[in-house]
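Shown next as structure tokens: one chain only, the form predicted alone.
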Amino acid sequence: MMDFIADFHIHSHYSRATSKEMNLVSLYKWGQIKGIQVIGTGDFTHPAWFKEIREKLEEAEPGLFKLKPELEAEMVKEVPPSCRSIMRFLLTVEISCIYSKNGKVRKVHMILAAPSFSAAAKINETLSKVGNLMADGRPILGLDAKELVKIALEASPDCMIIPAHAWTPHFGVLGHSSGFNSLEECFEEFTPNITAIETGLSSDPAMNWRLSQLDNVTLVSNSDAHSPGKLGREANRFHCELSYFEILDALKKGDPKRFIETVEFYPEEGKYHLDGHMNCNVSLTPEETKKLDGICPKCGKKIIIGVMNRVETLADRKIGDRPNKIPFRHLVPLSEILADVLETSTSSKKVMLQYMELIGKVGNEFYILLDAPLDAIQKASSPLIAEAVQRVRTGKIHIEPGYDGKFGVIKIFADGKRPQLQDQMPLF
């Protein structure tokens, strides 16, 4: 038994709009820096990526894979000693199913996880007859989502099938624009095989708890990372044997003794939390959208309905009602905290230098965000950074919510207390 963090949903450098650094050796390095022990490979349906996976990984524990020894020996030197740990990979892919059902065009993104190279190869062989797997790491297929479930289970009954970012308006199974009103409407006789869904960045478990139809479904959270810096922005914490089959069983049973918690974005920071039009700079709460009959006050077109509104539409419980479910914690990525403190962008050299110094002295990012003593963070950085981490942990932050593809904006020191803390901060 061990404690570990898993991020199942990522993309390789073969997906569109994805960093070239999303390769196996870089994922090995950044997984440890972030504090993740199990990372999905993403994109295993892409022939070139699948070939690379098979060449560079070997089986470790049942259903999990590790970097081959010669590659690991080369890369371990690039991982700060304070962050070094085991790193495992799990075979995963996201599929975009676009099809017509019940008189409406459906666009449903699905995550598949396979327990072996042979199971993944069988999925690839079947899907290659449906569409062009070379075109993108996340293939777009004219395939009913329930048929994808059938294909995965025929390849192996131990495949995991998880609807991705279930609430996003355009590509979520429950999304407003192209989704369904229930899992049963989408998956029909295969619904019992959907034992987990991904909450996505714009919703958190508390929002999902408002739907009794999801009471028997385990809620998971993943980063959907397109670059190494985004790894683990949402993730899952386990306490169990390090094994694909143990993870699968813990998810199927929603076992809180083995699946400890999810780590979440504040949902307001997600880019589809509220309703709105990004091009019109119009952001609306569900109540405001209702008063406007769903019409943008600037351009007169239909408003893009966000996740908060969609949850409200389908909910049959009040806010705050809690079934017996896996707990969760909110976080803000460390680079965003540092950018706010240093009053610069997350991609700035200042932020990266401070980030690497902090993890080098204290430990990996998840340890800093969730568990490290504040005095250790302060000693390694400044009172201002330690205070910022504490505010994120306790939710004492301000967020301008995201909408229509625009991420929300985190403001940690919106109460004006930055100056007095800044006086205690050494020159960087």
Partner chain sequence: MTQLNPQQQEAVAYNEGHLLIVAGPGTGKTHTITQKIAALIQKNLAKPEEILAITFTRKTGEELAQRLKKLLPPNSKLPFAGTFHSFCLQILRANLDENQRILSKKEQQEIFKAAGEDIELYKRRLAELKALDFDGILTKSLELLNGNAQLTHQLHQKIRYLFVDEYQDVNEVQYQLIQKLTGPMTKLCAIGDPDQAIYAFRGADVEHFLRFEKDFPGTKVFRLEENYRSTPNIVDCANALIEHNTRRVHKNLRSVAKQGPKISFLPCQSPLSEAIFIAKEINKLVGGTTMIDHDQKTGHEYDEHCHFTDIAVIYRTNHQGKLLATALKKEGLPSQRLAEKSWFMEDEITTVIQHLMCALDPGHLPQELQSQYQGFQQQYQTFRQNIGEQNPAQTIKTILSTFHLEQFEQSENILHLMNFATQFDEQTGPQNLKFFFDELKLLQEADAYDPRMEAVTLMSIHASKGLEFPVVFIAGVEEGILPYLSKTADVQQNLEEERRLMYVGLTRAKERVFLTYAKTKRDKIVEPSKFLKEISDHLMEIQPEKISNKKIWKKKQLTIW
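Numbering follows the first chain given and starts at 1. Please read these numbers as outputs of a predicted model, since none were measured by experiment.
Same protein, other form: the form predicted in complex with the partner chain, not shown, and the subject of what follows.
J.: Check each of Asp316, Glu125, Glu188, Glu74 and return the one that places a heavy atom within 4.5 angstroms of the partner chain in the model of the complex.
T.: Contact residue from the list: Glu125.
J.: Though the partner chain is not shown, can you say which of Leu292, Leu153, Met278, Leu353 has a heavy atom within 4.5 Å of it in the model of the complex?
T.: Partner contact (heavy atom, 4.5 Å) among the options: Met278.
J.: Using heavy atoms and a 4.5 Å cut-off, decide whether Gly35, Arg88 and Ser223 all contact the partner chain in the model of the complex.
T.: Answer is no for this spot.
J.: Considering non-hydrogen atoms and a 4.5 Å limit, does the partner chain approach Phe171 in the model of the complex?
T.: Within the cut-off, so yes.
J.: So, in the model of the complex, is Asp371 in contact with the partner chain at a 4.5 angstroms heavy atom limit?
T.: Output for Asp371 is no: heavy atoms all beyond 4.5 Å of the partner chain.
J.: Looking at the partner-bound form in the model of the complex, is Pro327 within 4.5 Å of the partner chain by any heavy atom?
T.: No, Pro327 is distant from the partner.
J.: Does Glu288 make contact with the partner chain in the model of the complex, using a 4.5 Å heavy atom cut-off?
T.: The answer is no: Glu288 has no heavy atom within 4.5 Å of the partner chain.
J.: To test your reading of this chain, name the stretch in 336-344, 189-197, 251-259, 136-144 whose heavy atoms come within 4.5 Å of the partner chain in the model of the complex.
T.: Heavy atoms within 4.5 Å of the partner chain in the model of the complex occur in 136-144.
J.: Let me know which residues along 241-259 have a heavy atom within 4.5 Å of the partner chain in the model of the complex, or say none if there are none.
T.: Result: empty, none.
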